[in-house]
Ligand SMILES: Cc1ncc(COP(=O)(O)O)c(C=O)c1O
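The chain that follows stands alone, in the form predicted alone, written as structure tokens.
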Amino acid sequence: MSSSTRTILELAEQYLMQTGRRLPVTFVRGNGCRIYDESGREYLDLVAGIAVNLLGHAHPDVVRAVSAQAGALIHTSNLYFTQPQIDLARRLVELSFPSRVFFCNSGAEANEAAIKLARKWGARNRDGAFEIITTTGSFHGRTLATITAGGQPKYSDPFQPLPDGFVHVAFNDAAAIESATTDKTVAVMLEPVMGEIGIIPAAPGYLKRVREWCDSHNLLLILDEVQTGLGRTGKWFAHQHAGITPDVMTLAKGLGGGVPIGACLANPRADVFEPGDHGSTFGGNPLACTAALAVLHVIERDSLVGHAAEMGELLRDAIKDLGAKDLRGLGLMQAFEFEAPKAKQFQLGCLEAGLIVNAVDDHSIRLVPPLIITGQEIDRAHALMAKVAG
């Protein structure tokens, strides 16, 4: 650890709330899939700011777009119209399904909007039904409602009492959703691929069966595509692998390529917000929307959705000989587990070797690199991981 990083750690201890443990490195700049610390040392980044930097670091198209917009107009609030917000909403709808868009600043906020939509829809269409069925192990954000929606007691238990209205069942168990449905149920909220817990894709047929159940029982289907959306899984949206369409979809993370922005899309059936029901001071500001438009343009222009599918296969092949088990993933969302509890040790070893990976627990490693990653960079990552794994 350098002396400057040691100083930063001391200052962080004094001035920052201690809400998480950070790795002992201070990053100062990036370029593509590479990121550099204060000493100039290079690291190959397979985490991409936790699935955020779809185009890597400092992508020239995003830099140009954000720089130009910052020099013109950064923020006006949602009391007025701006062209970038309208353009981005239209583009997202064109890429996904007939809907309208609410813009916010994060995935948690997008999911809060979805929860509020469902509750108002239930008041109108299901005699006040308000309960949302979600899954154990899911992750939908860090607000009070979204940690309750997420089925992970380690995040929610410290903040009891929690709000009512969420029922948890096992993931990939459509029968459990069917059994849990009551007159109080208004929606089912799922991740097409569970991300934070370590990349667990929906089983074949699962999302289709849930979609059919929601249709037959007059429920909304909400899909949290905060981590899976925008090409990461080899489709524009992960639910497209299953051939279904949700009523409500949430996006964030990679949408702004590093600039904070979230979005909640609702089809005409679910689009029940009226003026005054919801809002966001910063949501959909010109700077964030311009960044997102640049990200979408590059993904489409450079065929990065198909590239993510191709590179995902290479990445999966690259982790097969690391002495791990339970390889799983979709596109450029890949994970594996060690039999022994050495994932965090492996993460630190990779960091020392110049490679960034993410240990989500004591056993599991998550890899969510930029969509622009090349085969050569995957080969390099494999060599470094193999060396660390021994």
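Residues carry their position along the shown sequence, with the first being 1. All values derive from a computational prediction rather than experimental measurement.
FYI, the form predicted together with this ligand isn't displayed, but the following is about it.
- Heavy atoms within 4.5 Å of this ligand in the predicted complex are found in exactly one of 106-114, 295-303, 122-130, 275-283, that being 106-114.
- In summary, among the residues 290, 134, 227, 233, the only one with a non-hydrogen atom within 4.5 Å of this ligand in the predicted complex is 227.
- For the options 171, 237, 166, 139, the one in contact with this ligand in the predicted complex, meaning a heavy atom within 4.5 Å, is 139.
- Mapping the unseen interface onto this chain, residue 191 counts among the residues with a heavy atom inside 4.5 Å of this ligand in the predicted complex.
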